[in-house]
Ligand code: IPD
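What follows is a single chain, given as structure tokens, in the form predicted alone.
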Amino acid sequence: MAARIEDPLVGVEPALAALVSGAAAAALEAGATIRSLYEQPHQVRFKGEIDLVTEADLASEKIIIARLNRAFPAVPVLAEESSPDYRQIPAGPVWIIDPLDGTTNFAHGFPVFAVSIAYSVDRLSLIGIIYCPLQDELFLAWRGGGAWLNGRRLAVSRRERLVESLVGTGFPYAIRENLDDVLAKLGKVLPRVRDLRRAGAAAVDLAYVACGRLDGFWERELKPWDTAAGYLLVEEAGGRVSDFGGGAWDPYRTEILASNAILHRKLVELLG
């Protein structure tokens, strides 16, 4: 595991390398705990009618925060389970953490979920880490340093035609209030592409755009911990990220459209 963290960091400025390797180590430790709990009986409570939290979410977040606080005590934390109702956008540096993106998948034994950690300064992610514990896939990115998967540099796909593309999407927890819009966008995109996937974990979807497994992804009603790491992976792999209309985006926007950049304009025409 150490080689997967350290190999891409050869020659990187030491302070930055420490942030990347520290966040990656936290994600790996949390992921190991999630993996150990995967096939055990789960303790599930409800944040909303279909919005779950499990013992794995809480254990993972505790591990990540403790490790980052020890290594970087001056950097505050914005995390899904301990900061779900944050009142303002943090200024300056902050860790943005989703301890288990894809909780519903985890609770049902569907093997698609991830740990997501971003280091952000003034709404701009400088580091992004996504770890898929069952697949043992560690995605790393830092601004200007490229995107990496288990030590291999990533690039988005080169597909140019929607009809040849595989795209992903997700559905908001408040699906009843957003059903008409969700179905309308689905109806516009689905007939134009080769196929569509709905994996249930936005961080994983964005990582898959970065490595070319998906050619595009869109979703609405997201929170910063869903996207702060993944969007940097996409950009550093050569892709493009915007809102549905093609406008400027940051992790505090609630809608996201990510693609290989070649297909971006065509997807904006369908979703905007």
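So that there is no doubt, residue numbering starts at 1 and follows the sequence shown. It should be emphasised that the depicted structure is a prediction, and the values quoted were computed from it without experimental measurement.
Same protein, other form: the form predicted in complex with the ligand, not shown, and the subject of what follows.
Any idea which of 69-77, 139-147, 93-101, 179-187 reaches within 4.5 Å of the ligand in the predicted complex, heavy atoms considered? This holds for exactly one stretch, 93-101.
Would you check, heavy atoms only and a 4.5 Å threshold, whether E219 touches the ligand in the predicted complex? Yes - in the predicted complex, heavy atoms of E219 and the ligand come within 4.5 Å of each other.
Since only the chain is shown here, I'm wondering whether D226 would be in contact with the ligand in the predicted complex (any heavy atom pair within 4.5 Å). Close contact exists here: in the predicted complex, D226 approaches the ligand to within 4.5 Å, heavy atoms only.
Just to confirm, A201 within 4.5 Å of the ligand in the predicted complex by heavy atoms? Residue-level check for A201: yes, a contact with the ligand.
Stretch 161-185: residues contacting the ligand in the predicted complex, 4.5 Å heavy atom cut-off: Contacts from 161-185: G170, F171, P172, Y173.
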